[in-house]
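Same chain, two forms, each on its own as structure tokens: structure 1, then structure 2.
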Structure 1
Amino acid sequence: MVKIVIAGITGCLGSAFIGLADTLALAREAIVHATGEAPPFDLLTASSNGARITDGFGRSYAVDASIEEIACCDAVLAPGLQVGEGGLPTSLTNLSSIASWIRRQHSRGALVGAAGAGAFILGEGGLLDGRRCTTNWRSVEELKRRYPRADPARGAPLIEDRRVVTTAAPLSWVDLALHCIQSLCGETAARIAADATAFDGGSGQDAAYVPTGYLAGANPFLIEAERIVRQAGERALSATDLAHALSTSERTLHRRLKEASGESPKSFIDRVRVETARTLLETSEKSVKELAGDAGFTDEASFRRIFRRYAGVAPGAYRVLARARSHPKGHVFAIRKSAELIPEILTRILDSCVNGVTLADPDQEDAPIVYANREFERITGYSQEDIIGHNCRFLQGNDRDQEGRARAREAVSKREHVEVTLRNYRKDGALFYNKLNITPLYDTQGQLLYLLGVQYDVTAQARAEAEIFTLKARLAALAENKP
């Protein structure tokens, strides 16, 4: 049976701790009643030593077990923490044992999640490093300062990045509980759970609410400047407009932004709008053109250029990458086309192949890779996070002048099958020779769905052929010089 553990943590919000337990218990009861089947999950509350915990207001709560008694589980959920004026949780001491335990559970395959400022617990365990995440508005700046390798998003109600889930809205522990049920028990169970808890899980309407007192935080000028840029929406906003809205001169604006963020007013405005666009790409189905306007960019071309400068990839590729982070690999490439196009069992088959297999989406800008099997990772040395969302040309590095590249590009433009041998480079920089077979995949109506790439590592063969060529040349030279 699926096992879900709620981590009891001193300094938490009592409402979040009890709320998680109540929401999951109500959901479990409703699912059993609706389906007539056995409970879909087991539920435990646990603290670092099994003792009662005390919330941020001094109230005490009992737990079911000690974390030492739980060898493994399928999910660990952390409640929100009580935070002080600057957005930092009031108690981050004595969290190392439970943070380490949560990290171990994640390494064993568990889904881990945190509501609001509970994200700091995941940060203490190193689970936010290199991950997209969110937290309540008050704590974003402090989260960025304390965990500089984290990638927090403002205004996103819920983000999952490689089995690490964070939420931001008030009462977001409900969203967290429902997301956990959906991930572990399926869509039907989640729908029943949502109805039973009588909550619009996922609306996240309060995610971007800024409490009045927060503007007296660590850097009120910077926070207020970001708020103005975000609330400008589709309206064009210049440095002059921003200075006027902040009741200051352009010169003072430039100086204070340089001191606070190291940016010029234009760079600051562009960065905040790109961050808004990133959140929209992750949380909405709007086209790139639509969300460019929503984020405040006057035209799509400038948006694409500026977005690539800050995010490192094109907007379409970023959306693919965001989806890849939050969905099982077996369904990443099927999200837009058909939920059942490539079932999970086929993913397992592809992962067992002796050759590298990729799927690229021709409908996305620059035809990014949306699926790569395990052998492709082994051959190239790159991880899923390095691969998904990028065009496969990154494997050639700076070695661009290859006849095979031109042939492959021409065949793809004509939607034709092609097989070429390319000089590729692993993540550690080592050269290998790759025989690449590209096959367009069409549906029954003749619509191009994906570009299937099959990679064969032919390094040994290429080197053998080179040695044979060299040997033949030497023998020919000897023959010519024979008296």
Structure 2
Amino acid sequence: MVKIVIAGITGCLGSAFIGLADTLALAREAIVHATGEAPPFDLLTASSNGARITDGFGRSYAVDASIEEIACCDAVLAPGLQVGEGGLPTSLTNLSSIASWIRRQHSRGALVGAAGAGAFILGEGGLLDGRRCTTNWRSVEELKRRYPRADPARGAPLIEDRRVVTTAAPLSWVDLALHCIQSLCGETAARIAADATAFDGGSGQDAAYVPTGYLAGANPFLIEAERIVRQAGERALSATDLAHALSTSERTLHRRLKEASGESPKSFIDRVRVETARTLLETSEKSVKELAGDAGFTDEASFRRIFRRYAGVAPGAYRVLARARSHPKGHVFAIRKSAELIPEILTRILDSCVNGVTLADPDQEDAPIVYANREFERITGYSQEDIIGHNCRFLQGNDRDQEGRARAREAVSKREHVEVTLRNYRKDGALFYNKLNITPLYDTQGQLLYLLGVQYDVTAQARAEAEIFTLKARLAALAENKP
């Protein structure tokens, strides 16, 4: 049975600890009632050594178990933490044992999540390194300072990045609990749970919690400047306009921004707008053109250029990467913990393959690649950023007149297996012969999930065959010319 553990942590918000337990218990009851089936998950609160915990206001709570007794589980959820001046949680000491236990669970395949400033617990366990995440507004700057490799988003209420879920507002544990149910038990269970816990799904996704009073304490000038840029929305905003809106001169604006963030007014405006666009790409279905406008870019081409400069990838590829991180279909690689399949190990196996392995998502326009292993990068010379989000045909360059391509195209459209050898070109332009196998992957209900591509570099073999062919032709010619 699926096991969800709520981590009891001294210094947490008591409401979040009890709230997570209540929300999940209510949801479980409602799911049993609505479906008539057995409870979909087991629920447990646990702390280091099973000791009672004390919340940030000094109230004490008992827990069900000790984390040391729990070898593995399917999800670990951490409550928000009480934060002090500046947004730093007041109790970051003594977190190491629970943080490393959570990390271990994650590496065994568990989904892990934290509400609000609970993100710091994940940070202590190294789980935010290289991950997109969110936390409450008060704590974003501290989070960035303490975990420089984390990539926190402002204005995103919930983010999942490779089985690490973070939510923004201090009371967002309801969202966290429901997201966990959706990931582990599916859409229907999540809908029943949402109804039972009186959750207003719409508003939760639309608004981020922005306590401006706290923000003003951090760096009022920078925060006010950021607010003006965000609120300008579609309106064009120059450095002069920004200085004017801040009731200051352009020169002072320049100086104060340089001091505060090291940026010129122009790059500050661009960066804030790119941040807005990133969040829209992650959380909305808007087209690139539409969201570029919403984020304040007047023309799409300059948006694409500026976005690429800041984010390192094109907007479409960024969206694909963000979806691949949080899309429920990611569970092909994030199949829940168990003896059978452990995601990290699976990835390692795929990375040690001697052939390229790719997955294309047929539900997205033009079936872009959403996964490529290390060997594929080696064979092609392209990096993940070049590959993810693009249809694999880019490897053909202008050499499109190939019989194998037509066969691949037909097989993909008919969802059939195919093996073809194609002339492909590495990033440095060198030709290689790619023996490609495409296989559709279906789920247990027969629904197409992904197209699996396996690539072998058969250049040496193809060259040897070409040489044999030439030699045979020469021999034949010689034989004909014999007197």
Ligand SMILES: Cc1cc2nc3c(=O)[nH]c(=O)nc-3n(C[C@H](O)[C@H](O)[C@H](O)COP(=O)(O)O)c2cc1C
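Basically, rigid core = biggest C-alpha set you can superpose within 1.5 Å across the two forms. Every residue number counts along structure 1's sequence, beginning with 1. Being a predicted model, the structure only gives us computed values, none of them experimental.
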- Structure holding the form predicted alone is number 1
- Query: Fitting the rigid core first, would the Cα of T54 be found 2 Å or more away between structures 1 and 2?
  - Reply: no
- Message: Please state whether R415 has a C-alpha shift of 2 Å or more between structures 1 and 2, with the rigid core used for the fit.
- Response: yes
- CA of F432, rigid core aligned, shift of 2 Å or more between structures 1 and 2: yes
- Note on the structure: Here the CA of G397, compared between structures 1 and 2 on the core, is shifted in angstrom by 13.9
- Message: Core-aligned, what does the C-alpha of Q384 shift between structures 1 and 2, expressed in angstrom?
- Response: 7.2
